[in-house]
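Shown here is one chain on its own, the form predicted alone, set out as structure tokens.
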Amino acid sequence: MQAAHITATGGPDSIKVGTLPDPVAGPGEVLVRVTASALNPIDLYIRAGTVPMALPNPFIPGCDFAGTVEAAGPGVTDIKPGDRVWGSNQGLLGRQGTLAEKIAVKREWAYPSPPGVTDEALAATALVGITAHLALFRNAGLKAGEFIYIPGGTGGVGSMLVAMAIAAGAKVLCSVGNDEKARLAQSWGAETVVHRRDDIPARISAFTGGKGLDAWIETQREPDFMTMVPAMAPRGRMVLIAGRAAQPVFPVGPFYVKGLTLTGFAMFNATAQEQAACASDISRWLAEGKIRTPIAGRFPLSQAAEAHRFLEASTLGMAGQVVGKVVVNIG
């Protein structure tokens, strides 16, 4: 099979595309012919060695996939060849990734694909959708009618957070970088602020009628707790999903007096059962058209290094040109 792979961590140029042996579905696994994969910042960190993990050699990067089952390994009885599936959580913790024509995946990480939803859309939604679902419902306990603020509302995870919060009946305020992105977020049903121009605390106060936020999902790499804590309503919930190297000042007194909570998580630490529960909602919402994933760029497998370079320029380089996901079409 053809696969993108590395033999040592490094920059995008460390990615080569060539022939590797076909994987085989072992016990409890399914063999999937991949149609589409999608890139995430964690893929960049693992490839670069920024997040050290034990890697097979050669290592195929990539978390997300969608495609068709070619074979079911021993013990798998509820999925059969010809079934469409999607999923994430590959290319992590020693598992091979998804930038390949074929992958062997544990059954618990493969979810039935809903009719009428393309493989590209499923792959693009996988990690960001599961991450957003965990943040909103497991960690923040978001309910209909609550006020939520989402910085970076047109990014990969941000766009999913906005769409899911709206689908859940919450009142959504998000921030974006420019007027074009503001119009996009507003088309989904969110109110928006623009970082460089708006007084965000004032806009949050106006948005909530002075009540404060019930939830704040921090997608940015440098959380500002001196802004966040005063903006929260009593018993508000703040969730961190970024900022690996951040060490901000924290206002302890106002935080505990309000009875606030602060949680953080990395999606790949969630259990297979937790992620499967997210996937069930995601499949239904995609089929119903309640969530959609903007595509920022499409690349063939032969240009996997270019796809990494494109995403890296926006995330680590902070160029900000990516609105939505970067997809690698394989099948």
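Nothing here was measured: the structure is a model prediction, and the numbers come from that model. So that there is no doubt, residue numbering starts at 1 and follows the sequence shown.
The following text describes the form predicted together with another copy of the chain, which does not appear among the structures shown.
Only one segment in the set 261 to 269, 287 to 295, 61 to 69, 24 to 32 has residues whose heavy atoms sit within 4.5 Å of another copy of the chain in the predicted bound form; it is 261 to 269. When contacts are defined as a non-hydrogen atom within 4.5 Å, none of 84, 104 and 114 contacts another copy of the chain in the predicted bound form.
Think of it this way: in the predicted bound form, another copy of the chain has a heavy atom of just one of 235, 211, 195, 143 within 4.5 Å, and the residue is 235. Shown without its partner, this chain lists 189, 169, 75, 251 as candidates; in the predicted bound form, only 251 has a non-hydrogen atom within 4.5 angstroms of another copy of the chain. Although the partner is absent here, residue 246 sits close enough that one of its heavy atoms falls within 4.5 Å of another copy of the chain in the predicted bound form. The closest non-hydrogen atom of residue 223 lies within 4.5 Å of another copy of the chain in the predicted bound form. At the 4.5 Å threshold, heavy atoms of residue 203 stay clear of another copy of the chain in the predicted bound form, well away from it. Although the partner is absent from this view, residue 184 stays clear of another copy of the chain in the predicted bound form, with no non-hydrogen atom inside 4.5 angstroms. Contacts between stretch 192 to 217 and another copy of the chain, counted in the predicted bound form as any heavy atom lying within 4.5 Å, involve no residue at all.
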